[in-house]
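First, one chain by itself: the form predicted alone, in structure tokens.
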Amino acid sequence: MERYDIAVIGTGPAGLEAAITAKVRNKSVLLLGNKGSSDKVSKAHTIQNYLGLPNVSGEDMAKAFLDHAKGMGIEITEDKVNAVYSMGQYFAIQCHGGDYEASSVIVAAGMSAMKPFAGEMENLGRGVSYCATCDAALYKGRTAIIVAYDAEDEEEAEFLAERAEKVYYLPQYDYAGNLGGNIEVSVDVKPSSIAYNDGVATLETDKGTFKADGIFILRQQIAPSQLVPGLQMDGNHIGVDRSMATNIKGLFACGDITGAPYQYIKAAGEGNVAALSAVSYLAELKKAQN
């Protein structure tokens, strides 16, 4: 498996700037995120405080960011990250589309407004998972619940249903699909809490109780505390120092995910600092190995 020098998670101003800076420093970069940049940027009206780009629209700014990265030869790998594990000298990155390795990681995934359900974090890894395709093999002849937030998740439900005996699918979006067979779709159902006892996962909702062998929550973004085991948080944000370093050696964070102010120029600046810090870390790592 190819091991990248730096993996950057997120394609907003912080992530793109981190990737560009790392590329300038001649590092191999894995950039994970959406190819369309972040909605927070592209859907903004007029931005007046970004140096060198006065009165620019969000759409134009997003295009400028992406064009800059593309011009540098940086490609975006469109995949959803499920977990990042520190392996000592490198990081293992588990995604929906496959697994990756990098010597250093920069988390620039922005902030998620979604809060975990009651009991979700307590049962993560024991009845609760975030990737149906990753764990589908474990559900042969078993039952599962999927709480989905995007129509793209319907493919995961179909993949899981090929192995599971029954799948309960609870779309949290305007469902217009045609899932059938052993997939039971329940619309307009709002989950509230999760429990796991004696091998049975229980999902409480406003329309009653669902029980299965496991529950998959397919959010588009995972809370950082769940994304990286052992990561030190500062409230709802990732705790970092002025070099954008976290408590995990070789792991850095930048942008909205590190806290206020939630400004594009602040995010880009932190992305630059995080990348330079990652480059310095790689130099130290190489020196220690020689």
Ligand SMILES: Cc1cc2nc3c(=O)[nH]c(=O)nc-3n(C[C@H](O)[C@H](O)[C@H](O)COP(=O)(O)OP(=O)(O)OC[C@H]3O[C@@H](n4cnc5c(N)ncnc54)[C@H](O)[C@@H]3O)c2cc1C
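Source: prediction; values computed, not measured. In this text, the rigid core denotes the largest set of C-alpha atoms whose superposition between the two forms falls within 1.5 Å. Numbering starts at 1 and runs along the sequence shown.
There is another form of the same protein, the form predicted in complex with the ligand; it is not shown, and what comes next is about it.
Identify, from the list Ala212, Leu124, Ile183, Ala195, the residue with a heavy atom within 4.5 Å of the ligand in the predicted bound form.
Selected option: Leu124.
By the heavy atom within 4.5 Å rule, which residue out of Ser28, Gln263, Ser243, Asn247 makes contact with the ligand in the predicted bound form?
Selected option: Gln263.
The ligand contact in the predicted bound form: Ser86, any heavy atom under 4.5 Å: Ser86: no, not in contact with the ligand in the predicted bound form.
- Query: Is Tyr90 close to the ligand in the predicted bound form, meaning a heavy atom pair under 4.5 Å apart or at it?
  - Reply: Because no heavy atom of Tyr90 falls inside 4.5 Å of the ligand in the predicted bound form, the answer is no.
**Asked** Taking heavy atoms only, is Ile47 within 4.5 angstroms of the ligand in the predicted bound form?
**Response** Yes.
I'd like to know whether Glu165 contacts the ligand in the predicted bound form, with contact meaning heavy atoms within 4.5 angstroms. Answer no; every heavy atom of Glu165 is more than 4.5 Å from the ligand in the predicted bound form.
query: Is every one of Ile106, Asp174 and Arg219 in contact with the ligand in the predicted bound form, taking contact as a heavy atom within 4.5 Å?
result: Zero of three within 4.5 Å in the predicted bound form.
Original post:
Can you say which of 131-139, 202-210, 187-195, 153-161 gets within 4.5 Å of the ligand in the predicted bound form, counting heavy atoms only?
Top reply: Comparing against the ligand in the predicted bound form, the contact stretch is 131-139.
Check each residue of 1-35 against the ligand in the predicted bound form and list those with a heavy atom within 4.5 Å, in sequence order. If the 4.5 Å heavy-atom criterion is applied to the ligand in the predicted bound form, 1-35 yields Ile9, Gly10, Thr11, Gly12, Pro13, Ala14, Gly15, Leu32, Gly33, Asn34.
**Message:** Taking 2 Å as the cut-off, check whether the CA of Ser103 shifts that much or more between the shown form and the other one after a rigid core fit.
**Reply:** No, because once the rigid core is superposed, the C-alpha of Ser103 moves less than 2 Å between the shown form and the other one.
Worksheet entry | Cα separation of Met121 and Glu78 in the predicted bound form versus here, shift of 3 Å or more | Closer in the predicted bound form, by 3 Å or more.
Practice item. Explain in one word, closer or farther, how the Cα atoms of Thr246 and Met121 are placed in the predicted bound form relative to this form, where the distance changes by 3 Å or more. Key: So the answer is farther.
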